[in-house]
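Two forms of a single protein chain come next, each set out by itself as structure tokens; they are called structure 1 and structure 2.
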Structure 1
Amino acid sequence: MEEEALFEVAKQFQINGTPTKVKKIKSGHINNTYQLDCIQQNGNTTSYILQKVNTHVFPNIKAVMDNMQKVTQYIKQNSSGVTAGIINTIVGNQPPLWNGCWRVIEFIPNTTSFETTTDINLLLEAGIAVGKFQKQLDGFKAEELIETIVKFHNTKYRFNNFEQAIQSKQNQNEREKRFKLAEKEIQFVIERKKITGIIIEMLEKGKIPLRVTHNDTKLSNILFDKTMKKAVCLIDLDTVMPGSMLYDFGEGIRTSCTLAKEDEEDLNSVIWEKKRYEAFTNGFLQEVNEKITKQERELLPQAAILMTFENGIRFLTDYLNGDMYFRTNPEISEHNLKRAKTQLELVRQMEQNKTEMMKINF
């Protein structure tokens, strides 16, 4: 969209100042996100996040906004925490959307985020941010949130979708090509069917508690103070829902435990590193130490494997289905397959290092 048109959208919201600049933020596979800069009368600049929500992925956008609003208000009021709140529209409609899909969110100044980092201390901070989110929402009842994407982290359900993709007969020629290229990965996933139920069954049986969870705690969704290098807060609260804290731990580890990017093409550089796992885990446990149950603690290594595996399954399924869900970069061939490969490679390495991982969480 042209800059002027984006400015017009932004003007539908209660923003301070006049829009002067808009810049596309490229990370994120679902929504379209921009940083909007506005100039104030005193010459200062205030920034906002302007976003077009993908309503195919989030058909119940009202519930998504309600969840976000409840959680951000709670963090601000009850925990005096920092979080990116939602900006109202000028006409004050609820939920505060324009044209059913556009919204504006606060931009937290002097912060930055990383897709990956060599700084181990930042990984400790990342673990702290994810753990702190749990702590901040401790008193908030998970039942007050709507499950906006049903079975989001139900790995058994994700595996079923994968099985359906293998069986589907649409688009034969293209599919045959994709199946051939993904042969090894398909096999790898099939061999691990039995692990897919581990967390969801514990939750369903009430053996681990249902909590408020972020559900997309990848490293790039954590803001850090630019100068102090301290974690500030989690962003991208679209998927805040009832869940297990193991989901947030696992998603954090999936993206923190390696220096490799999610779509790294050279699998030899996808390396799980103990010191990275250890740093994130220490940060996380430092925050949740008082509330994590024995069962949850025991499941941390398994959660890291399972959340990484689940993303691998989802990328692979989307690849086999013809890239319908995750945004792909046309300049990267077989993009979703590449993403699946990095995730499954990490799963393979974490399985080998599980004994080491078990020693870290006690």
Structure 2
Amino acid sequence: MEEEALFEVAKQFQINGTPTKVKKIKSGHINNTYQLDCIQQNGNTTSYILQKVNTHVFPNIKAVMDNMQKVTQYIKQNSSGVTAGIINTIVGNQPPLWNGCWRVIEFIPNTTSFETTTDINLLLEAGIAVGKFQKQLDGFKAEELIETIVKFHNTKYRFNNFEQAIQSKQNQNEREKRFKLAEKEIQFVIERKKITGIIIEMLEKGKIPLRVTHNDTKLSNILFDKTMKKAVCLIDLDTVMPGSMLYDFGEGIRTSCTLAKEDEEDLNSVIWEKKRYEAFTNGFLQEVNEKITKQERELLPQAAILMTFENGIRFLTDYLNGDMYFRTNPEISEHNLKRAKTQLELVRQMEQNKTEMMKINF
């Protein structure tokens, strides 16, 4: 959209000042996101996040917004924590959306985020941020939230989708080619079917507590103070839902335990690093130590393996289905297969180091 059109969208919300500048934020893969700068009468600048929500990925946008409002308001009122709140529309729409998909969110100044880092202290801070999110919402009843993406971290469900992809008869010629290229990865996943139900079955049986979970705790979803490099808060709360603390820990480890890119082409560069795991885990446990149960603590290494395995399954399933879900780069051959290979290689290495991971937890 042109700048003036984006300004007109922004004016539908209770922003402070007159829009003067807008720039696209390219790091997200789902929503269209912009930083909006507004000039106040006193000459100061106030910034906001202006977003067009992808309602294909989030068809129940009302539930998404309700969850976000409840969680951000609870954090502000009960823990004095920093979080990016939602700005109301000028006519008071509930949820606060314009045209069914546009929203404005508070911009937290003097912060930055990282796709990856070699700074181990940043990983400690990342673990603190994820643990603090759990700590801040410990008193919130997770049952009050709506499951906006059904079975999002249900690894059994993801495995069932994978099995359906194997059995599908559509586009048989293309599928045969893809199956041959992914033969090793398919077998790797099949051999681990028995681990897919570990967390979801513990939740269903009440052996671990249902908690509020962010569900997408990758490093780039954590804001850090630009000066001190201390963690400030988690952002991108679209996937906040009821779930397990283990989901947030596992997702955080998945994206923090290696310097390799998610679509790394050289698997020799995909290296699980104990020091990275240890830093994130120590930060996380620093915050949740009084709240985490014995069963949850024992399952932390398995959660790291399982969340990584789940993402590998999802990339592999999408590859077998013809790249229907994840956006791929046409310049990267077999992009989703490369993503799957990277995730499954991390799974293999974490399985080998599970005993060391367990020692760090206690």
Ligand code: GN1
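By rigid core we mean the largest C-alpha set that fits within 1.5 Å across both forms. Residue positions are counted from 1 along structure 1's sequence. Quick caveat, the model's predicted, so the values are computed rather than measured.
Colleague: Mark the structure, either 1 or 2, that is the form predicted alone.
Modeller: The chain shown as structure 2 is the form predicted alone.
Colleague: Classify D318 as shifted (yes) or not shifted (no) between structure 1 and structure 2, where shifted means its C-alpha moves by 2 Å or more with the rigid core superposed.
Modeller: Yes.
Colleague: Has the Cα of N268 moved 2 Å or more between structure 1 and structure 2, judged after a core fit?
Modeller: N268: C-alpha displaced by 2 Å or more between structure 1 and structure 2.
Colleague: Core aligned, does the CA of T328 move at least 2 Å between structure 1 and structure 2?
Modeller: Shift of 2 Å or more: yes.
Colleague: Give the rigid core superposed Cα shift of R339 between structure 1 and structure 2, in Å, rounded to one decimal.
Modeller: Looking at the C-alpha of R339 between structure 1 and structure 2, the offset is 2.6 Å.
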